[in-house]
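Given next, in structure tokens, is a single chain: the form predicted on its own.
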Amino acid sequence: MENKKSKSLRILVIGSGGREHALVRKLAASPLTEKIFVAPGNGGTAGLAENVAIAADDIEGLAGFARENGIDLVVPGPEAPLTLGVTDVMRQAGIICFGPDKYCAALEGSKIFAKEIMRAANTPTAACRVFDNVDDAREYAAKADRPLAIKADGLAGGKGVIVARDRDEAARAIDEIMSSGKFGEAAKKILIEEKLEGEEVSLLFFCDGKVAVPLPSAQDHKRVYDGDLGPNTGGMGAYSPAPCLPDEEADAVADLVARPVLAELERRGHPFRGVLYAGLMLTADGPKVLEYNVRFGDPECQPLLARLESDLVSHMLACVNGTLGEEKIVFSPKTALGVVLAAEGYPDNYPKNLKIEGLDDAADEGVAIYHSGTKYENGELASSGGRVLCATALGDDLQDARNRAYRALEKIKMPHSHFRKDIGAKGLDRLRREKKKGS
């Protein structure tokens, strides 16, 4: 690929969430950036870039815009454009795209494909069975003598996984995923796998096809309510680093869960370039892969980028150009934590057009308020989605970051809203236990 570090870049970011707002903010800080467009963007990105009314899954529309507007670098945020082949289309047009091709993006687009790659790469993961028939799946689950995880094969917005503690719950989960129709084509096939026990953690990697460089660990909170109760969401908060996976252990984990996968994909003629996200369970037998994503997570992206001190544009170009080994990637030793403000009823039915106030009061040193589902109408900010904002704070340690984020959230006013009060509590508990153990 052509090295474009010597010129100012016109960048197109694809997506409309808090992740994209965080990406835009970090990209805008690079001396390599000339102008940023966001398709379709949100109320927050409008203050840093030019929003354009093109849907994230309109691949031809995005490609046409990129050609007509002299775009040098495309940065897809969500999974949909990647699994639809946006990288392939942009590269055919001679435009650099930070993300894997359609073949590699199937790591996220199909859990069955991901399992196939993991088996070939000898990557540790849960044993599983694949079903395309409801009756066969029910019959298998009825004989299970342990908790099971029922997963839709395709993309389901982070909500197509149900953990069943017993046979009755497994039967209901199979019906909900395969028979309800709410997951569409994503649920034509399902995986039933053993439920892994341990602590969950996220580890992301910059990848250039051969080299995988781990970012600091992060811990997401998927359930909608405190105590990890309620249905799965796209994520209610995250922090980095996660005490359960210290920085000094990340490289060894990369040897288990990232580098073998890159080698297998390269062997197949599809080098993986972009961000590989490994959702891990730290079991008694070591880390095992729960799932792969092929982009930054949301909300993990917000605290991770809050800690990134080096140039994100430079790192992205290195991933695409195969020069990642030459990059010096620097993260702050501080801790970052983000808490999502959501509309009541999320992730199911929730109100929109809720007026949002207090953002200026919430802004503080070390605190950023990232917009997820927001819009400006008649000069006023209002909600347009279920996850609305993410208050992200950088602190000296986990407690400090947590205090700062929650202080900011308390100053934001939005009716019919809620947020989890326990983001970071699991990490603090671990730190207390470790301190007690060492004293």
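Source: prediction; values computed, not measured. Each residue number is its position in the shown sequence, starting from 1.
Below, we refer to the form predicted in complex with adenosine monophosphate, which is not included among the displayed structures.
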Partner contact for Lys222 in the predicted bound form: adenosine monophosphate, 4.5 angstroms, heavy atom: yes
I'd like to know if Asp226 sits close to adenosine monophosphate in the predicted bound form, meaning any non-hydrogen atom pair within 4.5 angstroms. no
Should Ile96 be counted as a contact of adenosine monophosphate in the predicted bound form, where contact means heavy atoms within 4.5 Å? no
Is it the case that Ala121, even though its partner is missing from this view, gets within 4.5 Å of adenosine monophosphate in the predicted bound form, heavy atoms only? no
Candidate site Val161, Glu200 and Glu291: all three near adenosine monophosphate in the predicted bound form by heavy atom within 4.5 Å: yes
Only one of 209-217, 344-352, 144-152, 99-107 has heavy atoms within 4.5 Å of adenosine monophosphate in the predicted bound form; I'd like to know which. 144-152
Going by heavy atom distances of 4.5 angstroms or less, which of Met281, Leu359, Leu308, Leu256 would be at the interface with adenosine monophosphate in the predicted bound form? Met281
Of the options Ala250, Cys244, Ala126, Ile117, which one has a non-hydrogen atom that comes within 4.5 Å of adenosine monophosphate in the predicted bound form? Ala126
For the stretch 193-215, I need every residue with any heavy atom inside 4.5 Å of adenosine monophosphate in the predicted bound form, listed N to C. Glu193, Glu194, Lys195, Leu196, Glu200
